[in-house]
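Listed next as structure tokens is one chain, alone, in the form predicted on its own.
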């Protein structure tokens, strides 16, 4: 299947008080046409920096790597050309709609701006298109909502408006950064269902950024697990949930409450993620890992394919270590 997005060896560093902060440290991500791909991990793992760098919304150059969108390296494009891609071919839903929407413009103006700018619609065509999008994302009384301002809407309604704005240009790729944060469970389910329907309706690929494994299970075809700026595991969603390999992924899945088992306390991964500016020689997860070996604290493992289509970055699966443990 055709790839719409290929991120190769991407490195995005920040510099503060003489320290180097490798927020994204040499990651590879592929998104195929029509697929929903998830990036999952704790806060500070580099998920949002990855999405913002992909949209070229973070000032400054990247240290290394390429971002191929529709077979063009967008890191080499001038800003003027990049502006035509944003909103048209590539769009983003941000975490907090109240700070992303303009409080001084009506909903009609904000959705319509995209179709007028990128699709050349007249004001009447833009209004009709905006109305169609509001209906598509399940907003009640859409004609009235078009005339309202963001502060007049609930959190769930604002998030639906954000999705409408993102979809107004019929993008090939939609990046959704924690699209259900701060919404109640019922509204979360509705928003996710709308995103899935839009992906099918428009054949839009979605790169979904989340820390919620339940959202991943519900939405994603493929999953990338990030930790400390690196991809530590990636495979299909089915493989990840049926046979997680990396100890960090296993810990994330064990943290999900079970409806079947009685538990006095919920499981949590011990310790905390390293500070972004902390320099570690070996695997960054080693200090928290229940299965850490001597080599883990000294040398960072490579990302290897341990089963067809299943990649993980862990010394447990190296041939030498498997022989030591008597694993075939």
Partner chain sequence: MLNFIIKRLLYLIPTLLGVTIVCFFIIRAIPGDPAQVIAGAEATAEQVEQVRAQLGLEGTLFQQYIDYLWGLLQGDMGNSLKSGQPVLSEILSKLPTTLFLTGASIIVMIVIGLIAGVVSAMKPNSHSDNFFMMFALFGISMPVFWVGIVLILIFSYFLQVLPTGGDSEFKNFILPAITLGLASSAILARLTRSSMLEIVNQDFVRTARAKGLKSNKIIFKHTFRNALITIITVIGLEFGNLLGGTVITETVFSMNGLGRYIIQAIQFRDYPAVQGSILFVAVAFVLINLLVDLTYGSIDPRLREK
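Because the structure is predicted, anything quoted here is derived from the model rather than measured. Numbering follows the first chain given and starts at 1.
What comes next is about the form predicted in complex with its partner chain, which does not appear here.
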TODO: Could you spot which one of 255, 117, 190, 125 gets a heavy atom to within 4.5 Å of its partner chain in the predicted complex?
DONE: 117
Open item on the list: Please identify the residue among 102, 154, 144, 242 with any heavy atom within 4.5 Å of its partner chain in the predicted complex.
Closed with: 102
TODO: Classify residue 247 as contacting or not contacting its partner chain in the predicted complex by the rule of any non-hydrogen atom within 4.5 angstroms, answering yes or no.
DONE: no
- [ ] Decide whether residue 37 counts as a contact residue for its partner chain in the predicted complex under a heavy atom distance cut-off of 4.5 Å.
- [x] no
Open item on the list: Please tell me whether any heavy atom belonging to residue 132 falls inside 4.5 Å of a heavy atom of its partner chain, as the geometry stands in the predicted complex.
Closed with: no
TODO: Report whether the minimum heavy atom distance between residue 149 and its partner chain in the predicted complex is within 4.5 Å.
DONE: yes
- [ ] Just one of 134-142, 108-116, 195-203, 247-255 has residues with a heavy atom within 4.5 Å of its partner chain in the predicted complex, so point it out.
- [x] 108-116
TODO: Assess the spot marked by 226, 230 and 296: is its partner chain within 4.5 Å of a heavy atom from every one of these residues in the predicted complex?
DONE: no
- [ ] Would you mind checking 53-78 for residues with a heavy atom within 4.5 Å of its partner chain in the predicted complex?
- [x] 55, 57
